[in-house]
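Presented below, as C-alpha cells, is a lone chain in the form predicted on its own.
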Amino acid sequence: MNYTFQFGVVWRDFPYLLDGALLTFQIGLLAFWGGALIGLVLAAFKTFGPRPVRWLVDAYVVFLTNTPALIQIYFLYYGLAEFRIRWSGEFCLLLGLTLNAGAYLTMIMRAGFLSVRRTEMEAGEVMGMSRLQQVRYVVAPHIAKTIYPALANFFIVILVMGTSVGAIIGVNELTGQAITRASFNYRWLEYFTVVAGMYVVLTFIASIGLALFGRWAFRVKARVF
C-alpha cells in the first residue's frame, strides 16, 4: 500500500467539522424529543382511542417503520418540490427524522403503556382524573422510568445513523461537511477517519449526558454505551 496519510489538511478544516458536529447534535436532539412527543401521543391514542384512530396510528407506524428514512427525507426535499413546496435541507432532515422517530417511539412507548398496572389507572379514576390527566400523571412518569434506557439508546441511533442521511440532500452536518471538504482535495480516508472518531466522541458525550439525566430525573441507571 503506497497511500500516504496527510491529516494536516483535515486539521485545517477542523472548525468546519466542529460546526457540522454541532448541527448533527442539534438535529438529533430536536428530532428525538419531537419524535418522543409524537410517540407519547400516538401510543396514548393506540391504547385508549377508538378503533378508527387506532387504525390510523397503525398505518402511520407501519408505513414509516417499513420504508427507509432516506426515502422519506428524499421525498420531503425533492418530491414536494414538484408540487412547489420547497423547504430547506435542514428542515426536511429534521422533519423526516422526527416523523420516523415518532413511529418507532410509538411502539416503544406503547410497550410502556401496557406495563402500567390496571390498579394504578383505577386509582387515577377514583381520584377523579380525566384520561388525559391519567396519561400525564400516572402513565408518563411510569413509562419514563421503565423504558428510559431504550429511549436513550434510540437517541444514539438517531444521532449517529440518522443525521448522516442529510449529506444526501446537501445538509452540512458532520458527514456532509466531510464530503464537502474532501471533494476539494480528495483526502477521503483522512476526513472520514477523523469523522468516525468524532462520531464516537459525540456518542460518548450523549451517552453520559443521557445516563446522568436519567439518574437525576427518573432514578434510572442507564448504561453508558
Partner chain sequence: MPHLEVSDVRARYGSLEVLSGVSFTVDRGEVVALVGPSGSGKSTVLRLLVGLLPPSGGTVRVAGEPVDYRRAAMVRAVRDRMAIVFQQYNLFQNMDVLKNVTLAPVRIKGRDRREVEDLARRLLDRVGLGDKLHAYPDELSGGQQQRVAIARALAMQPEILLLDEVTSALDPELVNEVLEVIRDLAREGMTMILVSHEMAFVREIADRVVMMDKGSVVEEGPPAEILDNPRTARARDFFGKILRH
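Given the structure is predicted, the values throughout are model-derived calculations rather than measurements. Each form is matched to the other, and the largest set of C-alpha atoms that superpose within 1.5 Å is called the rigid core. Numbering follows the first chain given and starts at 1.
The form predicted together with its partner chain exists for this protein as well; it is not shown, and the discussion that follows is about that form.
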Q. Any idea which of 149 to 157, 103 to 111, 84 to 92, 130 to 138 reaches within 4.5 Å of its partner chain in the predicted bound form, heavy atoms considered?
A. 130 to 138
Q. Even though its partner chain is not shown here, does residue 80 get within 4.5 Å of it in the predicted bound form, heavy atoms only?
A. no
**Q.** Partner proximity in the predicted bound form: residue 123 to its partner chain, non-hydrogen atom cutoff 4.5 Å
**A.** yes
Q: Using a superposition on the rigid core, decide whether the Cα position of residue 141 changes by 2 angstroms or more between this form and the one not shown.
A: yes
